[in-house]
Structure formats: structure tokens, C-alpha cells
Ligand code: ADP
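Only one chain is given next, in C-alpha cells, and it is the form predicted on its own.
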Amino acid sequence: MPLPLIKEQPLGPLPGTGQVKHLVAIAAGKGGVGKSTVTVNIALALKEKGLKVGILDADLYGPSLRRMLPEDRLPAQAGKNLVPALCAGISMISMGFFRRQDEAAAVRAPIANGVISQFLNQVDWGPLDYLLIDFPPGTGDVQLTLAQQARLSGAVMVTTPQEVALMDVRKAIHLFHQVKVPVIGIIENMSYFLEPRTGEKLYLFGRQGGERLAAENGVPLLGQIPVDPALSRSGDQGISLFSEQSGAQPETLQTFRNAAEQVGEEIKRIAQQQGMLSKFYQKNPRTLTIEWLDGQETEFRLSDLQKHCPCAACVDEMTGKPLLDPHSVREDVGASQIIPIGRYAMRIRYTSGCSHGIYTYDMLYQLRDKR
């Protein structure tokens, strides 16, 4: 689908994402949880740290980022390629630049996939530290195209505390596991309202949903974003949350700064883990053998691994203390299934019935050293 563009500009040296260090999905599997708001403000927090950042708005049917982050320079055509818009120092491409605000993007999936491919491969993104991809809701064709074509370093999952939101986010996490994209962590939006007079936290939409989801998947909770009127106001007015005129609560700003910092740290950690494990297999039904890239081989008894199961049924998610009595684990326990989770972990389904334990390669590496 050819996109109507603005004017010619000189072509950069490498169109596409070849010069981007890290492509990060911001996803939820559900609309209405504030995913685009999180994308914009994580991008602004990364830029505040002096990093070069871009945003690819992949929500073709409901693009909103142009309103939230108005352009200083429109996108332009450069030969067969595109030069992204520049918005508050952030490179951005969005369907919002190519359609009127009130015009529906009534395109079928094959055309939508073609547009996504253009945004990934025919935009001169140039050298960026991070390209954040604002995923559309759902787990369909467009999401699969993004997950398979983009060199994703990982995915940040956005949820709200209530169970209805968590249900859809779990489906999106499953999609990323299927295409072997590691989940970086969970951001819980609309976590609480800070009562201005007393400073008391009021949990309007439930509590600890993001914490439970993070514990289930063995990933960190990157932040709990409060209900702050400045968040919606800054998005509606197209001003930076980090500007003085936004009137944002210090706690809100610090949450986004901490989350941006953790995203970088988790990406580094995941990259290290991905290089640790060569392969794993079973020599017999009661053991798991792992070959590491350092040349060593470790054979774990599955009964020993179950004693260290990190799932919510075996470990108290609040205290981190084990709930499982190690003496209750039978020595003849086996595995009914061992499933790779992305490029950083595995899920072991035990014959004893425990089926939710996600073991990161880092955790298994530490268990190796304790043997």
C-alpha cells in the first residue's frame, strides 16, 4: 500500500532498522490499559537520559500517538523510503500522519501487514538506541508480523490491576513465548490514586494484579503507575509529562524514569542469558541435562528442580519464602513436558501436577554453581 507523503528529503545511509540497537515491543493484548501513554512516556524518560529513541506506532486502526506527541517535523519521502517525523526529539512513524484524524483505516490484514513491513523496512530510522513499537490490541496477523519481522530484544507488557485486563495480557505473553521473544517485565498502569491531602494510596481498580502476573511469568514488575490527572492531560494537550507545565506528580515521573532504567538493565541481562545455554535434553525421564556455552554440562534431577520451583503455588509472592515442603517432593518425579520460553527460560510441567514453574537460564545457572 503506497503511503502519501509530504516532500523529498535526502536519503539516509541505511533505511530500515539496521542501525537500531534495541527494538522493544510495548504490548498488552487489550485496548484501554494505557499502552500508548506508557510508550510515549517511557520514550521521553529514555530521551531524558540522553539516548536516541524512536517510536513505531503499529496501531493502524486507532493511531493516537500523533496527538500525544505532536511533530516538529513531518515524515517525508526519500526515494523509495521514508524519513520519520521528529516529535520532541523522538523519531516517529504512525498511520496518523497519512490519514485524517476522523478517517477510519478500513484495510484488510494483508494490506495492514504490508504497511507494517514498510514501517519496519522502508523507514530510515538511522542510529537509535531504542525503537519502541506500540503494538495494537489483540494477537492476530499484525502482531505476528511484528513479532516475526522485527528483531525484538524483548516485550514490555502493560496491564491494569483487574483480572479482566490480566486475562488478555496473559494471551499476549503467550504469543511472545510462541515466537521466542523474551518478556522484559510488567508495567501496571492505573495502580492507585494518591489522595492529595493525606498521601494515602487508594486502590480504585484492584490491587497486585501486575505483581501476580510478574510472579507467574518469572519477570520483574517494572513499575506501578498511579492514576495521575496530569497523564491524560499531557497526552490530550500534546505536552511532555516531564515538562514543568504538565503538573505531574513527582511519584509518577519517578515511576517512568525507574521503569526506563529497568528496561535497559533487563535487556542487558536477557542478552547475557541468551548466550549462556547451548541446548537441553533428557537422558532419562527423571533428569534434565543442560549444555552451556562455556562447554560445561549439568545433569539436574527433576525432583531437585521441583524443590526450587518459582511458581506462585510454591513461593509466597509477597515474601519470597518457599511454600513447598521439599520433603513432599517424590524422588521419582519426572517431566510431562519441558517448554522453551522465549530465548531466556523454560517451563517444566512435572508429573506431580505442578505445571507453572518458569526457570530462567540465569536461575538454572545459579543452581548449577550451588551443586
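Keep in mind that what you see is a predicted model, and the values were worked out from it rather than measured. The first residue of the sequence shown is number 1, and the count goes up from there.
Form predicted together with adenosine-5'-diphosphate: not shown, discussed below.
*Asks:* With the partner removed from view, which of 228-236, 179-187, 139-147, 114-122 is the stretch that lies within 4.5 Å of adenosine-5'-diphosphate in the model of the complex, judged by heavy atom distances?
*Replies:* Going by heavy atoms within 4.5 Å, the stretch is 228-236.
*Asks:* In the model of the complex, is there a heavy atom of adenosine-5'-diphosphate that lies within 4.5 Å of any heavy atom of residue 310, even though the partner is absent here?
*Replies:* No, residue 310 stays farther than 4.5 Å from adenosine-5'-diphosphate in the model of the complex.
*Asks:* Considering only heavy atoms, tell me if residue 31 and adenosine-5'-diphosphate come within 4.5 Å of each other in the model of the complex.
*Replies:* Yes, residue 31 is a contact residue.
*Asks:* So, residue 306 and adenosine-5'-diphosphate: in the model of the complex, are they within 4.5 Å at any heavy atom pair?
*Replies:* Output for residue 306 is no: heavy atoms all beyond 4.5 Å of adenosine-5'-diphosphate.
*Asks:* Can residue 55 be called a contact residue for adenosine-5'-diphosphate in the model of the complex at 4.5 Å between heavy atoms?
*Replies:* Answer no; every heavy atom of residue 55 is more than 4.5 Å from adenosine-5'-diphosphate in the model of the complex.
*Asks:* Of these, 345, 302, 68, 44, which has a heavy atom no more than 4.5 Å from adenosine-5'-diphosphate in the model of the complex?
*Replies:* That would be 68.
*Asks:* Since the partner is left out here, which residues of 33-68 would have a heavy atom within 4.5 Å of adenosine-5'-diphosphate in the model of the complex?
*Replies:* Residues within 4.5 Å: 33, 34, 35, 36, 37, 64, 68.
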